[in-house]
Each structure stands twice: as structure tokens, then as C-alpha cells.
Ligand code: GLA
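We begin with a single chain expressed as C-alpha cells, specifically the form predicted on its own.
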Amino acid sequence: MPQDAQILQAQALFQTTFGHAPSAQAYAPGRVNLMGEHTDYNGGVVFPMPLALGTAVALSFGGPAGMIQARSADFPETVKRPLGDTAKDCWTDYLIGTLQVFFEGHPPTEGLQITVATDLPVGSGLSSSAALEVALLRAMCQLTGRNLTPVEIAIMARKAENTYVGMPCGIMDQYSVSVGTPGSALFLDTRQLTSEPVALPDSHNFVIIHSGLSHRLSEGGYEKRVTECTAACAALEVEFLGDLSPADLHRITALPDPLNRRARHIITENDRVYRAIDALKSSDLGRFAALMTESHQSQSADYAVSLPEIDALVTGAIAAGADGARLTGGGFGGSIVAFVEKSRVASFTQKITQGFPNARVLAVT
């Protein structure tokens, strides 16, 4: 299994770095979001699917008290930081923030030694940060004997990203990574924190393609969208935009631009999730594919999280044989997901790699 390779790599790196075997190790997958972008922090519904790509963490108590020593297979150096350190815009921020939440102000007297191995590209829009947070929490539960449910782990991981890293994300990434199973999609109500599995069609694959443009959601664009949605809620006198439905679209016409467009995306995107689930359950794959493409158009025009290169890749994917395609993840770069008949996948991927030299096929479900 793909996760075994990552766990073995993290264990081997631990042995090489610290001279002994780890006491605990765990894995968490990345995810692709099939429908429902930016609706999670608006109290809406989403439709993600964990992937057969992910992150493994190996760890033990050890080293100087109150310190972590961390090494990733992607970097040559071992990073040493106090457990109580403030954020430093370093990959180890996700470790420090998660550990601070886990220990709740009562850090251990011992230090921690940690190694990380992953096949999730950073900045691809496939939840590499959530996978790291959840894998670390799972490993810490093994190490300490603490018993946390998958939902509790998701809540902790989101808190670390919100309060320490400074990323005002919703809970979709952490929930789907912690609760979901690779190859099975989840219909998730982010307000109620309830979910149900949804069967996917045997006739099609989802093809995830990295645009070649990495994103950094913490650099302002994502936070600005959260702020705009909060302002739209205040103007509309609702707690969340997810409280509204298409019947309320007339109410947003009085909002100033761009708040009207941001609210319109959330309202229509939330509705698209419900319609997409209904289309899959009724085997109306043409309608599902059309909703994917409609979602991308809304992300580009109303929510303005796409880029010209992403728009071109979505258009190119449909021209190459995809029935539908859309930007997936927070946007401002990252990946798209295309809905492709299985019989066309080989020719589709060949056309994409020939037509878009900077793009890379990351996974085929």
C-alpha cells in the first residue's frame, strides 16, 4: 500500500537521524475536493475524497527537554525549536502548533524527536498541511496512550492551523483527512460535523493535475475571502452564508462589489454540492460533470480564486476528453480535478502533459 512506503521512509529517516527506532508512527492521506469550494468556513456542505497520497510521521520522546528536533525527507537539515516557540513561517510551524494544541499548555518534560515523509506536493491544494497535522496527532496518541476520536483529531488539527499558523480555514481538510477513507467520498455538513459516504461511479476516474503553480494560502488571498464573507454576513444579518439558499439570491444584489459576487459563489456552490450528490445517486453523470465545470466558472468569476493558467488548464482538460473539470483546494494556484471516463484516461493524460508542459498528473482515483 502507498502508505506503507511513506511509513517505512519516515522510520528509516528516524533511525538515520536519531540513531534508534521510533516509538510511534502514523499516516494520514491528502484529499481532493470534488465539489464545495470555500463553503466550509461559511457553514456549508462539501464533497471531499481522501487520496492514496499522504504523509507519515515517526516520533519518540528524547532530546533536550522542551525542544523538538524534526527532520523531513524533503529537507537535509534537522530543525530544532522550543515547543513553546512562536510561528516562524517554517514547515515545522505545523508541528509546533499541533503539539501546542495537543498538550493544552502542559508540555512534556522530555523533548520530542520527529521525522516526516510524504508524497504530497506542498502547495498543490491537496491538504498537505492537514495530512501532516493529523498524522502527527495520530502518532502522539500512540506515544502517549491518549484516546481521541477522528472528529476530535480533526478539530484539534484545525485549531492548530487557525490559531498558530494563522490560516483561517474551515474544517473540511482536517475532517476528510481524519475521518475519510481513500477511494471513498464524503458528503460533509461542516456546520453539524456530520458526514456520510457517497458511492462513486465505476465508469469514471477523477484525475488530479497540478497546474505547476504552487500556492501559499497564508499570504493573504484566502484570508481576504474569509473577511469578505464575514462582511457579507454582517450586511445580510446572518451568521453564515451557508444559512442562505438560492431563494435568497435576490438579497445579495444590494451588496457592494465584490461582496455580492463572493456571497453569490457561496450560495450557489453550496447548492451545487446538494445537486451533485443527487446527480451521483441518480446516476446522472452528465449533470454531475456539468456542475463541476459550473463550479469552476463560479470560482473564477465570482470568487476570484482562480488564475488565467488554471482557467486554461480546465478548458484544456475538457478539450482533452474530460466530462467536467474544476479548480480544487483553496485556489491561487494548485491543482484541478477532472472527471474522465476510464476508457479515456490514458489518452487524456497524454494530451494534458503534451499541451501543458508545466502541469503534472498527481493521481488517478
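What you see is a predicted model, and the numbers here were worked out from it, not measured in a lab. All residue numbers are counted from 1 along the displayed sequence.
One more form of this protein should be noted, the form predicted together with this ligand, which is absent from this view; the next part is about it.
Checking 170-178, 87-95, 115-123, 74-82 against this ligand in the model of the complex, the stretch whose residues place heavy atoms within 4.5 Å of it is 170-178. A heavy atom within 4.5 Å of this ligand in the model of the complex is found for exactly one of G330, G324, P50, G43: G330. Under a 4.5 angstroms non-hydrogen atom cutoff, this ligand in the model of the complex has G36 among its neighbouring residues. Although the partner is absent here, F102 sits far enough away that none of its heavy atoms falls within 4.5 Å of this ligand in the model of the complex. Using a 4.5 angstroms limit between non-hydrogen atoms, F240 is distant from this ligand in the model of the complex. Using a 4.5 angstroms limit between non-hydrogen atoms, Y274 is distant from this ligand in the model of the complex.
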